[in-house]
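Quick heads-up: the structure tokens below are two forms of one chain, split into structure 1 and structure 2.
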Structure 1
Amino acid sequence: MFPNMISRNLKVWILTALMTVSVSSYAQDKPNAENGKKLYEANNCGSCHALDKKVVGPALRGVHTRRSEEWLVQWVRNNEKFRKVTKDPDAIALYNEYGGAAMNIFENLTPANVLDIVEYIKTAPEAKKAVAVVATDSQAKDDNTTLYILLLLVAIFSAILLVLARVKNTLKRVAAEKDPEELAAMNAPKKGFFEKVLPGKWGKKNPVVLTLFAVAIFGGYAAYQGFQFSITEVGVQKGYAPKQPIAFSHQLHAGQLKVDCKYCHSTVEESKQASIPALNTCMNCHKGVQLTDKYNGEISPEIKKIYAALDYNPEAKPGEEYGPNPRPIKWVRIHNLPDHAYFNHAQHVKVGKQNCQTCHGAIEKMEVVQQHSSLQMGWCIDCHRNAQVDVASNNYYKALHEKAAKDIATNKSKSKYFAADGKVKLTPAMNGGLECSKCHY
């Protein structure tokens, strides 16, 4: 116990001693909130923190009441060393609380710098409630518009053609009325359609039989083409990676910055849809992260697109940044099942405990999202036949688990639930996952 404490204190001491001379001077110099604000922005603290809201890391307002100055200096400058070398219990507990989401190391900041930042956090005014701007995801809504417009055009053209044909006939009739010979010709029995187009005796065959024959040939051909289309074209979607209106990168946000998928796709555990985040979610970070360093003092053109869409003016007075004319960003939809198929995220992610990556591939490595799986029926069925649902540790399957345990007790290895490893065997297929009605409306 004692040697342990001594060695820990020794380490703290060495660490503190290693800090620059300013360590001793920070107590004297009055911390400067203005400088702290600049440092906070320049180091992108705001990409993971907000003052009054938990983002990737904790809300920072009042942090000086939770932690000592020494603690804050060590944490901000090198939280990893603080945890691993100093083994500070509070630092370790905090890290675990945030599920091991690592904060960056900021050894570029001197201890005095950190105290400036703390001063800024201490004195920053409470933000006025930002005007709620609803940036709805407009995806699904206008998917079919083009089709409807096309159908409408076809209908209009057909109507015009019909009217024109009638007008022409009437004109002809009016003209013919003046000439008895032509009137006679018009009233004479007409040659059938087939007599006109087919040669010789073929044209004299029963028109009903001929019509049925033609329909059978054309219909068969069309059905064959349709079938070919459905088995090839649907699969072509695999690898589909359209350019998006804002160059948003999963590789950067989900990969490097380690932002949780659910932070943005927030409904994925509760509902059918995974949902695309509203731009307000981006603003939790991009109010602060403007990448001005990268663009010679200008705001990144891609971030400007977010601001433009929200009608947000970063230079306006606090409380007046949001203008009256927000408009939604139209992300191009990538994954899209046909309307007759039913897929539900909550059933798979929450109940079935499937990883996003099993179906979507390594999204966190994709600069541009692309469709990883075919999404064809065979793909769903394959997994439903083979996936093992972990019933034992999953509350959703309590009743089923009990039933299976009873079945195994009576039928031993003949039970359909019997698995050699002693666990209960259950595939989605055994739970009705191959029934047409589960996936089709």
Structure 2
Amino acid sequence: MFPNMISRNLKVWILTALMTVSVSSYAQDKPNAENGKKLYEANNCGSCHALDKKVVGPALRGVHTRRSEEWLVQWVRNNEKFRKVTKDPDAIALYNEYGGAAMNIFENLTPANVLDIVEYIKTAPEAKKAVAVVATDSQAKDDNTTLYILLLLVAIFSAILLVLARVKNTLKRVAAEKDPEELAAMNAPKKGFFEKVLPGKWGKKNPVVLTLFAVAIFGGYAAYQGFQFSITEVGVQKGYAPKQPIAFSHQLHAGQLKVDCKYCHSTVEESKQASIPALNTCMNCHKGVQLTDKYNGEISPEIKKIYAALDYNPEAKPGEEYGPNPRPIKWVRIHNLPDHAYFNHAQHVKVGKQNCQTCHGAIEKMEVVQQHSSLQMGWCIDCHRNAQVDVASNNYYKALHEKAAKDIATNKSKSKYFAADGKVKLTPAMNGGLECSKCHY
């Protein structure tokens, strides 16, 4: 028993002594606050800490007055080893205060690096407090008074113009009655519309026939344009990019951070729907990542919206963060298929092995998501006719694979499964992908 105690105490003494020597030897040099700021940002300290406010971890302002340099170096570099080996009561109390959530280990930082960070915390200016702007009822609602006044004025002036036109015509007729020649000119038959616009004898044709002919031409053209509009524009939301209640950036998450689409859209391989991620999925990261370093120590405004929807208080005691009044986020749907069209995400992603970008475009580059493709039937059919089916390692297409292999063995280069370039080509169309009942039932 006693040898074990001596051995453990010796280890504690040696570790503490080594850390003390390391810190003391470095303390002879003046810490560098500028380098400390770079290290603070490079190691993402701001994702869990703010200088003047408790977030995931404690506020860091004045930490040098609460703990010694030796203590800080040991805690930052490896708080787990520090707690278990030295049994330091302050370290254990801090660990328990935050519900047993251990701080990350930063053994990549030297003692000198840690003291540089401490020096930055000492000298960092206090964040300016944001001025809260409270919108009044008149600011919160759209004020259309000016528009209504302008419309009223347009109506009044239009009525005045009509009255003046009638008065002008009446005065001209009264004046003409004093001059027989002028009155005769006013009463003389006037040229019809077609006589004015059509040359020669064409303008003297029967006006009824000419009217019907003009209606047929322009009506036909209008009908054609209406038909084109109905099949290419109505119900097609290509380019539609509505503002969402929370500004989620796919460019940041899927592009820069390389978060797999299936992490958030977790049902895409199992269900018809790709699913809208639950806010608890967001909290897997944003319970800790609050981007306080970008907002003067305050939590990101968009992350605050997530907290508000979940009735979550990050400053509450562990186990009491969630309140009783969560509410759903009213996301705006972007991709809408008509009710008579069936589309299954699992069929295309898991079986067809299609990437999200096939239909949704370069989603990883979109700051604001928009509909990339028309999603019309013609667009789907073109894909089914041209997309190559991977059958080699896909049991779902085993029957198609065997059928194609048999046809190729029998017909050689004349097989329908050979493309114009001489390569084997298997498409969804060859597997019944153009049958009406596949998408409409």
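Start at 1 and count along the sequence of structure 1; that gives the residue numbers used here. Computed from a predicted structure; not experimentally measured. Under this definition, the rigid core comprises the largest set of C-alpha atoms superposing within 1.5 Å between the forms.
Between structures 1 and 2, only structure 2 derives from the form predicted on its own. Here Gln376 does not count as shifted, since its C-alpha moves by less than 2 Å between structures 1 and 2 after the core is aligned. The rigid-core alignment places the CA of Glu367 less than 2 Å apart between structures 1 and 2.
After superposition on the rigid core, displacement of the C-alpha of Glu80 between structures 1 and 2 amounts to 2 Å or more. Taking the core as the fixed frame between structures 1 and 2, we note the C-alpha of Asp407 moving 2.9 angstrom.
In the rigid-core superposition between structures 1 and 2, residue position Asn113 carries a C-alpha shift of 7.7 Å.
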